[in-house]
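Shown below, as structure tokens, is a lone chain in the form predicted on its own; questions about how it binds or moves come after it.
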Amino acid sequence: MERADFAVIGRGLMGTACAYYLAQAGCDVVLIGPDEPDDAPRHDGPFGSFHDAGRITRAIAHDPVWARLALRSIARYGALEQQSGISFFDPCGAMVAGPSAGPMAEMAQDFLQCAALLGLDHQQMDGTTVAARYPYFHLPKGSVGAFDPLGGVIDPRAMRRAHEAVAIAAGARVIHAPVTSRESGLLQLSDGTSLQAGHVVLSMGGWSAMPGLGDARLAMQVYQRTILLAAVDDRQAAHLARMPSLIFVPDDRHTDLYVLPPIRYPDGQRYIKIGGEATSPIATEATALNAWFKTAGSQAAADILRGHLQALMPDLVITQTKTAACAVSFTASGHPYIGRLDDDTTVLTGGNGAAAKCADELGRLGAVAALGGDVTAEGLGADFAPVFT
């Protein structure tokens, strides 16, 4: 039987960062979870929503808590890239835009009030300014925008690898297999490993809301989402070289969408990514969530996303499209759940669709909680207390 002071279950963005901070504190820590599958339809274990090449990062948020989490993480991107030797951040900037009346008006006000409260550098734009600066965007008349110079794009796969590299350098061990059962600190893994941990950190994304590894069930809704990747040729990619990441609200919606500039994916093609469905199915069991990730997502949702992309960027010539399954976990509090469930267990989960950019700080807070510290004393404006059904 293997033994460790701490076992972090979940090799996603938050869990891997948590393992690094525990190892940096001198703890004997094991990070547990499968690698990204080479053949998703044949994979029997849990997946990861970070299995992608692009996520938006930005300091400006609708909520000061999320803004503070992002600011602390963004400030450490450079050090993490340098320590690990792995680049993952493109500082191309980020913009929030949409109609000046309707749902976006309230959202824009929240973003701007947050920026003013925290003294964040930003540029307010009207539709004319946006059109002059980014002529490839076709926003409705009367649109408003706010540009965040600290924002841009991160490669979540690369950022996770960076955290894992520095975690291993700090003494962490990695077991490349999922946990199949848990009784307090005794873990059984799919590869036959038995591990006794003094303390367990549950950081399994949407799977944290599913029954199986503990008696408590978190109040968290896990939505099965679809992303669309629209391929562009090298000429268009060069034309869009200054394109920022974008969050926007079309005229006919009450929820936002997001668009990332052309990113080179592992297949060598450059894709513009769009996501953000108005409605999507909810997963309540791990088997259903695993089954969802074995698919390419919903073609109906992808068709809607393509329509929004073509309305936003009417001159874009799409050479081909791909779809993929994703999942987004929303907590009852609107903030991540970070805290001890008991003397043996800490929970670190609940991204609310905004956690990738904040993963470094969230992982650090998870380590604080696991070590018995008080995350409410960290000056972020929230207690991050888990809520249960």
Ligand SMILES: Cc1cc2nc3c(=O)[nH]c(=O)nc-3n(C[C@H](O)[C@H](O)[C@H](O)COP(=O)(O)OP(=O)(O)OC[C@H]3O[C@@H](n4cnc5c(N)ncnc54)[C@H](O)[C@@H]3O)c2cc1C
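Residue numbers run from 1 along the displayed sequence. Treat the numbers as computed from the prediction; the structure is a model and nothing was measured.
The form predicted in complex with the named molecule is left out here; the points below concern that form.
Screening 120 to 128, 202 to 210, 164 to 172, 308 to 316 for residues having heavy atoms within 4.5 Å of the named molecule in the predicted complex returns a single hit, 202 to 210. Across the proposed site, 229, 283 and 297 without exception lack any heavy atom within 4.5 Å of the named molecule in the predicted complex. Residue-level contacts in the predicted complex: of 114, 74, 218, 179, one residue has a heavy atom within 4.5 Å of the named molecule, and it is 179. Taking non-hydrogen atoms only, residue 347 never approaches the named molecule to within 4.5 angstroms in the predicted complex. Residue contact check for residue 14: one or more of its heavy atoms lie within 4.5 Å of the named molecule in the predicted complex. Interface residue remark: residue 47 is counted as part of the site for the named molecule in the predicted complex, having a heavy atom within 4.5 Å.
Mapping the unseen interface onto this chain, residue 327 counts among the residues with a heavy atom inside 4.5 Å of the named molecule in the predicted complex.
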